[in-house]
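First, one chain by itself in structure tokens, the form predicted alone.
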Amino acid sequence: MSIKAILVGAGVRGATVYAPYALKYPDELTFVAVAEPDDERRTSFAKKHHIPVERQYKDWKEALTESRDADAVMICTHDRMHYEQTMNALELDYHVLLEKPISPFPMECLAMERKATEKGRLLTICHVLRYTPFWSTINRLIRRGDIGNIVSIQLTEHIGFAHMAHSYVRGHWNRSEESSPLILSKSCHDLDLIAWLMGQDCKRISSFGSLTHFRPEHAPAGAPKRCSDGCPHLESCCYADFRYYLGEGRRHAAHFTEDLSDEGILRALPHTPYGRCVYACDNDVVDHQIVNMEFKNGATAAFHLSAFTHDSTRRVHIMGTHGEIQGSLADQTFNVFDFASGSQNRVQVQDGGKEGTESMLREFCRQVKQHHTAPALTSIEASIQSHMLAFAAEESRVQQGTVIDLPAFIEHRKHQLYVEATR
């Protein structure tokens, strides 16, 4: 029997990444209501999923205050809305599938974890990379002991210059105080992978990074505030809006129009934030950052994110006592080196782009159906560490690279939460 769900937030992630699972596997998941303030997105989603008018809501509070006739709530809204929506859904005894990051605030993350435990409900975080063939295969080989004990991990995230401009200069996640720091909004995935692969708690962390390039003083002479306002540099500027949205970034134009034809995109761009010059935005998040970590047994990890790459991918190097693994997510391949035999095994995995998402949703539906509330692969219990790593890394960066004692950092926040709860 299919589980019934309410979608809160019918944007790109909710409507076009996660919800199609219900259309492909209707015996596992069915959407019975949608809450979305944008009229066009709400009605479009409702039409695809055959949701009656009376179950289409502008306000998410209305969707969660009527008589409960669903099993779960899928929350895919802006970062700063997650806490109130999730706490409300858990209080009403819904299971929750929550888009990452959990929240931009450590206290809220801890409070949501506690609420899920108190209510005995699933709170699964969309760290889909754990479910992908690439990362799940690497983790399986590590757990099997193929490279011995991990001594060090190096993980690099190539954000890509165009994707950086879209999401973190022009887009929704360009200001820390309105969404989250980049290390959380973009790279809690990466910190989650490091913690998962390492298989133990982090002890100490430090970080450096800054907003170096996307600043007004780097604008070329004569550049207007919008690309469409007669900019003389359109042919030479790699950040010109039309280059991305009429090319490889066409699907991301769905953030500002449902008409993805050339004409539709060019018509919409001048009236959206996505048509701004990258040097005339209100962005403040970093465009490059390094995070260094020491784990409980002395193993270390280094994570590096950068906007200034031509591709958007991840590269990993895992060094163990008996071997090493080097891989590229873009190529869907990694090499396993065995020190004793001198052998090298090249592993190619197949991922059509939806395997991780579908595996995550399949597990969530199975757990809801079976009333199984033990921690899932990406339960909030599993995801808390990556978020605390991100919060501590950002505190270190702001404090010019101060080394943060992570257990003490977490314990302090837990104590604060306890004090607030007992007032």
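Worth saying up front: this structure is predicted, and the values here are computed from it rather than measured. When you see a residue number, it is the position in the sequence shown, counting from 1.
If you look for the form predicted together with a small molecule, you will not find it shown, but the lines that follow are about it.
K.L.:
Any idea which of 165-173, 337-345, 112-120, 236-244 reaches within 4.5 Å of the small molecule in the model of the complex, heavy atoms considered?
P.N.:
Selected range: 165-173.
K.L.:
Give a yes/no on whether residue 41 approaches the small molecule to within 4.5 Å in the model of the complex, heavy atoms considered.
P.N.:
Although the small molecule is absent here, residue 41 would touch it in the model of the complex, with heavy atoms inside 4.5 Å.
K.L.:
If you check in the model of the complex, is residue 128 within 4.5 Å of the small molecule, heavy atoms only?
P.N.:
Yes, residue 128 lies within 4.5 Å of the small molecule in the model of the complex.
K.L.:
Heavy atom to heavy atom, is residue 36 within 4.5 Å of the small molecule in the model of the complex?
P.N.:
Residue 36 belongs to the contact set for the small molecule.
K.L.:
Going by a heavy atom distance of 4.5 Å, is residue 95 a contact of the small molecule in the model of the complex?
P.N.:
No, residue 95 sits far enough from the small molecule in the model of the complex that none of its heavy atoms falls within 4.5 Å.
K.L.:
With the small molecule left out of view, choose which of 81, 107, 151, 260 has a non-hydrogen atom within 4.5 angstroms of it in the model of the complex.
P.N.:
Checked against the cut-off, the match is 81.
K.L.:
Identify which of 157, 192, 99, 287 has a heavy atom within 4.5 Å of the small molecule in the model of the complex; exactly one of them does.
P.N.:
Here the answer is residue option 99.
K.L.:
Counting heavy atoms only and using a 4.5 Å cut-off, do 60, 85 and 255 all touch the small molecule in the model of the complex?
P.N.:
Verified in the model of the complex; spot residues all in contact, yes.
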